[in-house]
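In the block that follows, a single chain appears as structure tokens, in the form predicted on its own.
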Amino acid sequence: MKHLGKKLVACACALALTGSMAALAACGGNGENDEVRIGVLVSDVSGEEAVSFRNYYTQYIAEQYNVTFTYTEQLNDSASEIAAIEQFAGQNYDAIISLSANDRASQAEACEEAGMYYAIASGMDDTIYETYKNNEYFVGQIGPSMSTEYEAGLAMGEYYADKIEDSVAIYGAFIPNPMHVYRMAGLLTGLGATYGGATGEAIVGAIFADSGVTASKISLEGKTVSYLAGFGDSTMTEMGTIIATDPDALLSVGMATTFFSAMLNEAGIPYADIDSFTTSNAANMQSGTLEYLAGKYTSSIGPIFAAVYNAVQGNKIENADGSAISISQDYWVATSYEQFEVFQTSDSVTDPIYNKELLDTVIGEDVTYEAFEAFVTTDRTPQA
């Protein structure tokens, strides 16, 4: 529950404004029948994955539970994130779920100051977790761990290792974003490449030390490697130059399907990405040249909601040493449209995998950490 002093201040204000004993009855925390109000921090308001996540929360979860989700506008920096948290705090919200990663340390601290629960729904951050895992308001994080990110890149690299005959193009997205660094290290390892002489997970440290990827340090014996990262005014031109060299494939650790699908489809260049199971990616795999996709799915953010909802209701789930949750989720991988279609039709806003019946098994005062961890880590990959 929130700090008692802050609750008393809120109640005092309510009494002063209403002069009614009814206001006093509203004091004292969330009971089972009280509405739970959750603010959601987002840095993407228009991408298909972002929209599907939002619709799952606002059109499905909000219809099944006594909860209201209020989304921010696009947050581009730490200052806008903190301003949003302060606005939610001023309106006495119960919790924040973060899908924005500009400055999660400041987010966590702002939520603690406001007495609001805080959870990370995507893009797990081990440093943030270790710093705040024993904070009473830090619910925790659920999503692909850095180890899972590395494995996702590794699987993609291994899939293409024998398919690359002469040359490969690599899109590094937004390195040094940690998730992209780990994916890149896995991808290079899977391909059989080295980075500045480093191999395997040692590539992670080498990339961080360089504060990004130095293209000339990538070595893939007997093969030509083209590399591009980030996005700016010249990116489309640079990618056009790479595509003109006709690489055997373009392999991306994120965002290639967002930025370059049309160019790659038109040029007939096979490509792979770590993204999500969206309608446009279905079209790219069915009639374009997208041939490998590792992705998240719409209701994958269901478990973190359950954890936050439990915390607000008085059952903050913690492991044996009293630390907040940190549980990894795996990616689904499709290498054909038929497989993609199975995934896409198995999880939707109206009929999600994490539906109310399933979520209810881990919502309640008696739910243990062990039960919750097993719930999240159960393989729910749809089968054809």
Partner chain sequence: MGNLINKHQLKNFGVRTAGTLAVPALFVVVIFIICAAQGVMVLTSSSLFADFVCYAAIVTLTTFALSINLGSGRFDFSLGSMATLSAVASAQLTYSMLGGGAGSGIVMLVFSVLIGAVAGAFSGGLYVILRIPPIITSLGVALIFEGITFVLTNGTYIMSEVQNDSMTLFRTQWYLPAVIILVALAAVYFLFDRTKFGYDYKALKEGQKVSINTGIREVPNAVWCYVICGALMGTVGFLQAARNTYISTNVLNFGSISVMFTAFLPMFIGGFIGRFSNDKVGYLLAGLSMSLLNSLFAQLSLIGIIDSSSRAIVEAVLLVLFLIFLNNEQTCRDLVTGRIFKKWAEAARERKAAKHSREDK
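Predicted, not measured: the structure shown is a model, and the values here were computed from it. Numbering follows the first chain given and starts at 1.
The same protein also has a form predicted together with the partner chain, omitted here; what follows describes it.
Residues N66, F305 and T350 are none of them found to lie within 4.5 Å of the partner chain in the predicted bound form, as judged by heavy atom distances. For the candidate set N92, T131, T258, T289, a heavy atom within 4.5 Å of the partner chain in the predicted bound form is found for exactly one residue, namely T258. Contact annotation: of the candidates V333, L359, V342, V51, the single residue with a non-hydrogen atom within 4.5 angstroms of the partner chain in the predicted bound form is V51. The stretch from 143 to 151, 183 to 191, 232 to 240, 289 to 297 that comes within 4.5 Å of the partner chain in the predicted bound form, counting heavy atoms only, is 232 to 240.
Remark: A215 counts among the residues lining the partner chain in the predicted bound form, judged by a heavy atom distance of 4.5 Å or less. Within this chain, T199 is remote from the site of the partner chain in the predicted bound form, having no heavy atom within 4.5 Å. Remark: Y227 counts among the residues lining the partner chain in the predicted bound form, judged by a heavy atom distance of 4.5 Å or less.
When contacts are judged by a 4.5 Å heavy atom cut-off, A62 does not count as touching the partner chain in the predicted bound form.
In the predicted bound form, the partner chain lies beyond 4.5 angstroms of every heavy atom of every residue of 128 to 146.
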